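Quick setup: one chain, the form predicted on its own, written in C-alpha cells, and binding and motion questions come after.
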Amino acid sequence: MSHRDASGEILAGFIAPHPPHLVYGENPPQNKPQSQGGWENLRWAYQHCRDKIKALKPDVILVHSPHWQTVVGHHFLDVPKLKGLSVDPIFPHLFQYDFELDVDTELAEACYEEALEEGLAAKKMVNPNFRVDYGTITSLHMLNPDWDIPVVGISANNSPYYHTHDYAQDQMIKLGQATRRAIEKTGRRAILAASNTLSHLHFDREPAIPEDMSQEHIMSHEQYLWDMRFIELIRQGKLDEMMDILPEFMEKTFAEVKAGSLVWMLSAMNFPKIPAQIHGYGTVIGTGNVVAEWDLDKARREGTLTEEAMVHA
C-alpha cells in the first residue's frame, strides 16, 4: 500500500470482545469445530459493525488484543501475509481456526517508530511463521469475516499486571497517541478495535453442550451492575467519569480492559466526548461483553466531535 499525500484519520472505533464461542457459534468454514449456534445477541450485534465497516471502506483495521501478551514492550505485526492454524488453549474444542490475513506493514512500521518517539519500548514482529492469537483473530473475524481489509495487530504489554493502574494505562495513552500520529502520517483511513470483554470473572465449568443457552448467564449480579454502570457512561459520552471508575471496575470484576485495549483505542481517538452506540450486550461463560461503536466519521460530518483530549494522571 503506497504512502498517501492526504492526512489520514480514524473513522470509527469498536469495543470488539473476543470470546472464541462467537466464532464457534457462527460455524465459518475456517473453524473446524461445529456448533448448533448460540450467543446470538452478540453475534447479531456484530452484524451492525460489519455493515458500518463496509460502508466506510477503510484502508486498515488495527486491533489490540489482550491475548497476544508481551512482557517487554509493545509489538506490532510486521509480516505482509500471515497464515496458519490458531487454537484457543482454553477452548481447543471450540476454536481451531485456519487464518490468513494481510498486514499493512507500512503502517505497522510507522506505529513502531511513533511508539519509540513516545519513549515506549516497542518491537516489530517479523517471524513469518508467527501464530496469531485467538483474540486478534476472533475480533477481526467478527468485524470483517471476508478478511478483505489489511490489518495491524498490536500486542498487550504485560505492564498492567506488574505495575500500578495509573502507570499501565498511561502507557496505553502514549501508545494511542503514537498510533494516531502513525495513521495520520501514512494517510490511512482506519478502523480501531479494542478486543476485550468488560467484567471477566467467569465459571470454571461449562455445560455438556457449550452452546446450550439455557445455561448462559452473568457470573454475578454485582458484575452485571458494574457492566451497566460502565455502559451507561459511554452511552452518554462521559468518558471522564468512565476513566475515573475504571480502576475500581477492574478491581471488582477483573475487567479485561485492564490489559489496555480500551484506553489505547480511546487515546488514539483523542477521547471523543460523543456517545457510544451500543450494538449489544451479552454473557459468555459468565463474562460481560459489549459491542460498542464510536462513529467519528459521522460526528465529524455533523460537527459534534470534540477534539479535546481527556488527560488522567
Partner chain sequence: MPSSTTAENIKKAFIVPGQPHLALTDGWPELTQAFKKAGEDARSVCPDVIVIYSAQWLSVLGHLFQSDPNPKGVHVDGNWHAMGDFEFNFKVDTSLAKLAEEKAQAKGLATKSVHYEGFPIDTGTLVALKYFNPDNSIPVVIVSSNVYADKEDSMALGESMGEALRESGKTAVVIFSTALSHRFMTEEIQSTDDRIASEQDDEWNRKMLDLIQLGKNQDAMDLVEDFAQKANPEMMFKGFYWLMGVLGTPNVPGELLAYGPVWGTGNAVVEYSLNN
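Residue numbers count along the first chain shown, from 1. Everything numeric here is computed off the predicted structure, so don't read it as measured data.
There is another form of this protein, the form predicted together with the partner chain, and it is not shown here; the text below is about that form.
- Note on the interface: of 141-149, 226-234, 182-190, 85-93, the segment with non-hydrogen atoms within 4.5 angstroms of the partner chain in the predicted bound form is 85-93.
- Note on the partner interface in the predicted bound form: the residue among F249, W39, W68, Y46 having a heavy atom within 4.5 angstroms of the partner chain is W68.
- Checked against the partner chain in the predicted bound form, the residues M242, A110, M125, I218 give one hit for a heavy atom within 4.5 Å, which is M125.
- For the marked spot (V72, N129 and E206), a heavy atom within 4.5 Å of the partner chain in the predicted bound form is present in each of the three residues.
- Contact between A121 and the partner chain in the predicted bound form is found at the 4.5 Å heavy atom cutoff.
- Interface residue remark: H165 is not counted as part of the site for the partner chain in the predicted bound form, having no heavy atom within 4.5 Å.
- Within 4.5 Å of any heavy atom of the partner chain in the predicted bound form lies no heavy atom of K238.
- Although the partner is absent here, A276 lies well away from the partner chain in the predicted bound form, with no heavy atom inside 4.5 Å.
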